[in-house]
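Presented below, as structure tokens, is a lone chain in the form predicted alone.
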Amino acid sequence: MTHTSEDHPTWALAAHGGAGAIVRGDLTPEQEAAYRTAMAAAAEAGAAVLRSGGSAMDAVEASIHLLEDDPLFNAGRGAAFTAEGRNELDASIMDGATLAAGAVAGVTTTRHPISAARAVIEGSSHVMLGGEGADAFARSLGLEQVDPGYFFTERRWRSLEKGLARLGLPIPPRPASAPEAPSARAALVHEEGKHGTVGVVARDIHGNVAAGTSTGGALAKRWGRVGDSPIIGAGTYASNQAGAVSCTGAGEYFIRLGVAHEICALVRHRGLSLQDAVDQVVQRDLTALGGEGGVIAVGPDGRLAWSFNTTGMYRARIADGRPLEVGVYKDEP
């Protein structure tokens, strides 16, 4: 049986910008257009790398850079605030060809946490670094550093104030380095819930897959809480034998289920198709546990899949020989 490039594209990429309470009518036309345009731009950035023969790792990093720099998303600029009024950022990345993986948790001054995660692979013998040490490591390798105020957005700060008021917790002083005037872009933020994440999966022309995830974490988190995004096997996993997965949602549930690895295990050991595997873990296992969220995935054959049990997930996919598709709501393909 012959396969067209559409059956097995030579390269493929999917991106997500978070899953949650994203309902038609809740977003203004301007907000919806902004999110769709941002997801399209991120997917195209990675596709440009893949079209030119670049690696899946490079494509993942390039796409996530755009999402980390966009205040619409809870990652990098636009990250949620902790109860103490800080932005603590987490990210991870994994190379399916070698199973090399890197992660950072609780960084506060590194502009691109996904690049810090990749640097852990290339510049250390470790997998995960946390807190001030992770920023110091990134700084030592010349990764761009910013004042913590760079990550501040007015909408996220207002969400923190509301969230702390509901919890009966004190509202911290406004950060001294916060900009005085909110940006027009940041004013378009739609609160999809307490959790938000960005992620990308890719398969390159060499047959290698990779996955990356980046987040600002849960709104009003306390005590140095870390979710699934920087945890290999929970929020991110990639193996050329099974595929690459990036997750978004209520991180504690994804950690308990080992969602990203579980999907790959079902493909590898049970012989499930990638779509069946993501549906089983998200629609059955995650839902049964009471967790909310979604995943994107790509197989070693270049086939793409996604699944989510929320009302929406910002998402985009593109592959060799296939047009770019962007989705927001549940009732879209």
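A quick note: this is a predicted structure, and the numbers were derived from the prediction, not measured. So that there is no doubt, residue numbering starts at 1 and follows the sequence shown.
Beyond what is shown, the protein has a form predicted in complex with a small molecule; the following relates to that form.
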- prompt: Counting only non-hydrogen atoms and a 4.5 angstroms cut-off, does residue 225 reach the small molecule in the predicted complex?
  reply: yes
task: Indicate whether residue 215 is a 4.5 Å heavy atom neighbour of the small molecule in the predicted complex.
output: yes
field: Touches the small molecule in the predicted complex: residue 197 (any heavy atom, 4.5 Å)
entry: yes
query: Would residue 105 show up as a contact with the small molecule in the predicted complex if we use heavy atoms at 4.5 Å?
result: no
field: Proximity to the small molecule in the predicted complex, single hit among 101, 250, 189, 257 (heavy atom within 4.5 Å)
entry: 250
statement: For the small molecule in the predicted complex, the stretch among 257 to 265, 167 to 175, 137 to 145, 242 to 250 with residues bearing a heavy atom within 4.5 Å is 242 to 250
